[in-house]
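One chain comes next, on its own, written as structure tokens: the form predicted alone.
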Amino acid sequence: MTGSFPSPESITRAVLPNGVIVLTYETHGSPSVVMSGHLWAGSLSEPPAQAGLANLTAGSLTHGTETRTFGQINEALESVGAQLGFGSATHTVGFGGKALAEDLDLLLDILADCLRKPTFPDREVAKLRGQILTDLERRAHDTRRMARLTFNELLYPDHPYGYSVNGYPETVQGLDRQDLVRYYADHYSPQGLVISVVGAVPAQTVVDKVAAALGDWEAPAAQPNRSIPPAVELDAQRRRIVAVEGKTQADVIVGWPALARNDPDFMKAYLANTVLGVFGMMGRLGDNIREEQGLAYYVYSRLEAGLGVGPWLAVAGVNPANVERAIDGILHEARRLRDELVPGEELADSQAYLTGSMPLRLETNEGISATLVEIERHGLGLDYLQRYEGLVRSVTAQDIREVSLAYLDPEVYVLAVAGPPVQESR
């Protein structure tokens, strides 16, 4: 299975003199190329009073440069059926694009233009700021988004992971062009920028083209932030219910601080999470809470292991009358993982799911490109895909029990509920 996966022999990795890291993999199943990557200019560096600044800055990159207006950028891309976009996360600003192989030069030229020469026109900044404020107003009436916002605040108080990347109405409305100009000058740099290009273009040609577009970019005054915030500790339950008027569904999140992606226990936790709320109809959570008890419209679990310690959480959408029963069901399944060894057949099924889903992910240029960026981001090694099946198969039932004991405490957890007002029964 792994023989056809991208490998150290088929992946080209080059580091340009200015610190740009180029990853490329040649495919010929499609005439297109897919580009993805990131640079270290995420919201980690913004002050809490300006939450949303990194997001507004990233969103404004395509809205005007020294050589192209917003309209000209869109026209150039649309004329050849190409795409390009930017978005901020906590640690990084990500970018992605797609074009025919013959238009890679144009795609890279516009990418470089947006990264190196943005002008942040007042009118465009104001327009985008207004769109973000409208979205934040929608968020206030969205139970799923409000539950997650509340969960992050509870799990990460006074911590970069606890703030909204999109910001808040009171922090976004005061942002102006000068704020974006300063943030860009302080944090946008080629140092550590990762760009992955996958498609019908020879590897060395890709490296040469990226070098021509970005290789002479220098930003000596900028300070890309690659720091990792400290892990948080949870020593007592934290619960909060947020009322969202006019809604008939409640969204529930139960979770714990877990681990980083490069933690040696990651694959154990990843497989445990697959058993808990992913495999089949959303794992044991789906079987119990949705299928058997009929309590949830949807339910699943997710392990968000990133550069820093991310959360392990279970999420459910339920009738408000069933909130406490759904919470009890989630905690019951957490206890089962801690108290009982996963049966051999169930473990084998989950392992087969994880090993079988990887080839599906790598069927598209988009999937390969995103995977290469993830491998680089977390230092997994270019042979990671060759080792992947072995890593999954090496996890035992005892491993799952031990990692569940370490992270899934049914007595100490964070709970966030958003929906119609409900009464706490405990």
Partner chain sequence: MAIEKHILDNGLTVLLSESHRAPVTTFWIWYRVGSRNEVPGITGIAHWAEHMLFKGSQAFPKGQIDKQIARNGGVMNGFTWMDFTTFFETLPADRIDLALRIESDRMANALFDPEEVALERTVIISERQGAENQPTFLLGEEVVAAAFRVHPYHHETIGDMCDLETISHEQLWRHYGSYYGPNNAIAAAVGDFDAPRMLERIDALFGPLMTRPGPQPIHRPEPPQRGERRVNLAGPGSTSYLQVAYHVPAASDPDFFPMAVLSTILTGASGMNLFSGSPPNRTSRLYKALVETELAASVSGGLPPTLDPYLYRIAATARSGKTPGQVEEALDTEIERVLKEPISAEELETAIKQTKAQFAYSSESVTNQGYWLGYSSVVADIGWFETFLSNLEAVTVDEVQRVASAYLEPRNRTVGHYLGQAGAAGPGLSGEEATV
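Numbering follows the first chain given and starts at 1. What you are looking at is a predicted structure, and each value in this text was computed from that prediction instead of being measured.
Another form, the form predicted together with its partner chain, is not on view; read the next lines as being about it.
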Its partner chain is absent from this chain, but in the model of the complex, do Met146, Leu154 and Gln237 each have a non-hydrogen atom within 4.5 Å of it? yes
Counting only non-hydrogen atoms, choose the one of 357-365, 39-47, 396-404, 372-380 that falls within 4.5 Å of its partner chain in the model of the complex. 357-365
If the cut-off is 4.5 angstroms on heavy atoms, which of these, Glu340, Asp158, Glu292, Glu170, is the one near its partner chain in the model of the complex? Glu292
Interface check vs its partner chain in the model of the complex: of Ile110, Ile241, Val309, Leu303, the one with a heavy atom inside 4.5 Å is Ile241
Please check if Val80 has a heavy atom lying within 4.5 Å of any heavy atom of its partner chain in the model of the complex. yes
How about Ala140 - does it come within 4.5 Å of its partner chain in the model of the complex, if we only consider non-hydrogen atoms? yes
At the 4.5 Å heavy atom threshold, is Glu233 in contact with its partner chain in the model of the complex? no
Can you tell me if Gly130 lies within 4.5 angstroms of its partner chain in the model of the complex, counting non-hydrogen atoms only? yes
